[in-house]
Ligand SMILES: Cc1ncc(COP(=O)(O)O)c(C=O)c1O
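A single chain comes next, written as structure tokens; it is the form predicted on its own.
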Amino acid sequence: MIAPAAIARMIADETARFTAANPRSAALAKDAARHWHRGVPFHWMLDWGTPFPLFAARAEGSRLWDADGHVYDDFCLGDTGSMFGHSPVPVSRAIARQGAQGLTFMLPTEDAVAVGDLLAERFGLPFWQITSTASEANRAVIRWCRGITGRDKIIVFNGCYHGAVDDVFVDLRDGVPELRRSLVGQVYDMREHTRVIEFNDLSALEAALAPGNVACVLTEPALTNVGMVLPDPGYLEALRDLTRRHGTLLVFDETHTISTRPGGWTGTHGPLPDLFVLGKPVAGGVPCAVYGFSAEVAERMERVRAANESGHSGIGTTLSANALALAAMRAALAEVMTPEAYAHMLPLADRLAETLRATIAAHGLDWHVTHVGARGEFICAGTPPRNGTEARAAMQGDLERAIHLYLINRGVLIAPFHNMTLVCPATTEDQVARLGNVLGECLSSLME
């Protein structure tokens, strides 16, 4: 119902509007290009669909200000890094305090004791380790799973996202596994050690586990970076049962699905995995991630350590578990990621989902809205996808770029890679209503 010509016209009009409204960002982009490759310190900053990067000046709570003085209702929140709001006071206070006392020692601090207790109590697993990113945590977990099982294969799901982890960059195209085509400098074939199957396909899962050589299944409880794909009723429980039956470890990456409730999807719906990964918001946006594991896994880890020669295990970096990250994580877990915060976020996320559904329906569009707690997604297709292939087929790049540009030009940010929204403790009902209104105006313009 939305003509390609209308989409192209909106992209052209909104590109011109953005350029006129952001002269300071344009000047900064030109200056940055002197020494930053492609003009930005990290290439994902180019993925917003704007003609040049929008330069941020500051952010607080659920609002962000750019270099030209415009203020935005922020539903992207650093693509989950600031899921509990920008610069929450307890985290900012902890950073300032620790900053005056030393940043990194390669030694534990008193905060380490408190953080370990908070993690075990919240997520139900007794043992934990810290890394600098969820990517690093997932790499460590894969290495440990292979080490303690003596198996080389892992299973991932088509369309999965686990950060910058080589082993997971295998896709299914027309049912055939292939290396992700966008990879740079890939010199070995991950398919030798990685099996990729569709989410929600129990038969494929049973077949992939049947040879008995799979170290772990690594997955989010719901796929969240290929649009959003929810598990079928009973699927995760069957996954848990099958992995146990085949001696395969189950790993849940809850970096995004921590949006569900304080204990993540696992603590809300179950089942309990053998290992658990959480990054991005766990320290309020300070680079940090954790992975937790059962007592049985810990015991098996120690047997591997005892059998191996001492030295670098291939796990960990110098700045992992630094004092600043520990201080920030203690504040985030104890004072920011609280039941009270979720009590605000979850009903408002429900309201946002209802608002988006009503806006879409009012324009006669056969789209749908899915959300996992505070994290939502509107998808430009009528049927909720059950797997990565269906989710990718629903993506409409030009249309989504047009919508994103329109929203940015009217002071609303959503995630640039897809149509993801996050509600944080500082998000207001007025901001939710405004997102619905601006999206409605965008759709009306596209359908004129």
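Because the structure is predicted, anything quoted here is derived from the model rather than measured. From 1 onward, residues are counted along the sequence shown.
Below, we refer to the form predicted in complex with the named molecule, which is not included among the displayed structures.
- The named molecule is not drawn, but in the predicted complex it has no heavy atom within 4.5 Å of Asn322.
- In the predicted complex, at least one heavy atom of Tyr161 sits within 4.5 Å of the named molecule.
- At a distance threshold of 4.5 angstroms between non-hydrogen atoms, Asp73 is out of contact with the named molecule in the predicted complex.
- Using a 4.5 angstroms threshold between heavy atoms, Thr133 counts as touching the named molecule in the predicted complex.
- When you look in the predicted complex, the only residue of His371, Lys280, His86, Arg330 with a non-hydrogen atom within 4.5 Å of the named molecule is Lys280.
- A heavy atom within 4.5 Å of the named molecule in the predicted complex is found for exactly one of Thr359, Asn225, Thr266, Ser259: Asn225.
- In summary, the region of this chain contacting the named molecule in the predicted complex, judged by heavy atoms within 4.5 Å and restricted to 249 to 257, 297 to 305, 351 to 359, 95 to 103, corresponds to 249 to 257.
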